[in-house]
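The chain below stands alone and is given in structure tokens; this is the form predicted alone.
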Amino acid sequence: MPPKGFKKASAAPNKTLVLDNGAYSLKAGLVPHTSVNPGYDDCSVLPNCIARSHRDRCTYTSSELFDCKDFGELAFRRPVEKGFIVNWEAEKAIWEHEFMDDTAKEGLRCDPTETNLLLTERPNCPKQLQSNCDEIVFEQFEFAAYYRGVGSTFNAYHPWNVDSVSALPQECLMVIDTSYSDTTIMPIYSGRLVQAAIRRLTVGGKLLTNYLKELASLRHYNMMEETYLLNEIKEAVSFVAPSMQQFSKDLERTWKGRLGDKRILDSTIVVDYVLPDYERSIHGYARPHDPAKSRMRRGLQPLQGPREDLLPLGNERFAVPELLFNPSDIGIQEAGLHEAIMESLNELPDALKAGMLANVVVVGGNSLIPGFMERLENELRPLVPAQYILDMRRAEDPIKHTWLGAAQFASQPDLLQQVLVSKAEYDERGSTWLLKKFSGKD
């Protein structure tokens, strides 16, 4: 529900740019003010970065990265840190490139003066960063009208079922957002965050990729500058062990043994990742482990014929995503995801606790790691009291799910007009008033 005290804004344009401004990617789409429900196909996913290649000296802005042919030693400039926009110079260049310039995709190009903007943000964003965002939106882009809201709350506007026509948010919803910057647990009651029960873990996709970079660099090649490649490898071969017991067994099966007591590795877990050379191939691929080929290092391969650089991956495949459940493995003194969920639930009254457990939705890219949902349920179920029903599911598309909830909200003019603030109102009352307005204190 919109914060208390909102009044209907003046007449607004008939389309809204819905923008889920994530740290790794932008989820964006133009939503007309009609009764037609938007869908996942209406959302475009774009890299939220500016990349510079040390090899060809080219600079790639957001979607230009799709045309890159050499991802070696790319240096990334990301405007979002810890979920918050901190570099508006870079973010402004990305928005202009994707939504306003001639380079913009046809379905996303818009004139800000004739378009509303619905922008998502992370919970507990510092006020100074919120104020900077509001000023950029109205004073530099000059959007006709604007609303900034916590992204997770829009998940409550997904209909209970396909036949639902209600504009009201779901009453009880617990959103687990495990994304690039971090992992956040957010209970939502009637469209509003239960502030005291929010829990944030520092483990996200960025940390997992960096940890894999360190492991690969320590054991094989120096890959500390290969962020893009290691992220690609992580997404291709990682999996989550279904339990701590299985995790221990898998560690034993992938242990090479001590010096003088070598063991045969379990080929059902260990894989060889064939690294791309960016001449014949742009992307690498995994294949079953071959001990003979994995011993062939650079310089020992035949001078003629195809050459391969292999990255053997054993316990890295499951030890990296294990940090989501046991961050103490690398010295992070935080609870695991399942423990943090229980901490959040314990802040709620019993009646709300039952409602939240019966409606848990998991979003974010890390939820796509094979075995993640099974492990989360295995860890959480013994902690949940027997009298409660645990109904937990991953969103149909965990990357676009928050965007779609915001698009459902934006497609309902009566709801949208209650929260939009026009540029004329901003010019008259200023940024301090707008901060109070969006926080529900006005």
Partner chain sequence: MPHVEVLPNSASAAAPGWHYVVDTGYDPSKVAFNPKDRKRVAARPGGARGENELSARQQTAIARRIAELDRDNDMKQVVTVPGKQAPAKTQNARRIIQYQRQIKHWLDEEEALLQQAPPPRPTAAGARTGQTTRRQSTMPQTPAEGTPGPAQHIPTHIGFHGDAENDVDPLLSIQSSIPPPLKPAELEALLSAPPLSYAESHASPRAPGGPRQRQFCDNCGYWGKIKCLKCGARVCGLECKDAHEATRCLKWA
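Positions refer to the first chain, counted from 1. Computed from a prediction, not measured in an experiment: that's the story for all the values here.
Absent from the display: the form predicted together with the partner chain. The rest refers to it.
S.K.: So which of 157, 147, 180, 99 reaches within 4.5 angstroms of the partner chain in the predicted complex, heavy atom to heavy atom?
M.R.: When the partner chain is considered in the predicted complex, the option within 4.5 Å is 180.
S.K.: Scan 269, 358, 104, 136 and let me know which has any heavy atom within 4.5 Å of the partner chain in the predicted complex.
M.R.: When the partner chain is considered in the predicted complex, the option within 4.5 Å is 136.
S.K.: Are all three of 63, 238 and 289 close to the partner chain in the predicted complex, meaning a heavy atom of each within 4.5 Å?
M.R.: Not a single listed residue reaches the partner chain in the predicted complex, so no.
S.K.: Please determine whether residue 370 contacts the partner chain in the predicted complex, using a 4.5 Å cut-off between heavy atoms.
M.R.: Residue 370 lies outside the contact set for the partner chain.
S.K.: Answer yes if any heavy atom of residue 207 is within 4.5 Å of a heavy atom of the partner chain in the predicted complex; otherwise answer no.
M.R.: So residue 207 counts as contacting the partner chain.
S.K.: Tell me, yes or no, whether residue 385 is in contact with the partner chain in the predicted complex, where a contact means a heavy atom of each within 4.5 Å.
M.R.: Although the partner chain is absent here, residue 385 would touch it in the predicted complex, with heavy atoms inside 4.5 Å.
S.K.: Against the partner chain in the predicted complex, would residue 82 count as a contact residue? Criterion: heavy atoms within 4.5 Å.
M.R.: Yes, residue 82 sits close enough to the partner chain in the predicted complex that at least one of its heavy atoms falls within 4.5 Å.
S.K.: Could you tell me which of 338-346, 361-369, 273-281, 228-236 sits within 4.5 Å of the partner chain in the predicted complex, going by non-hydrogen atoms?
M.R.: Of the options, only 338-346 has residues within 4.5 Å of the partner.
S.K.: Check each residue of 79-102 against the partner chain in the predicted complex and list those with a heavy atom within 4.5 Å, in sequence order.
M.R.: Read in sequence order, the residues that approach the partner chain (within 4.5 Å, in the predicted complex) are 80, 81, 82, 84, 86, 87, 88, 89, 90, 92, 93, 96.
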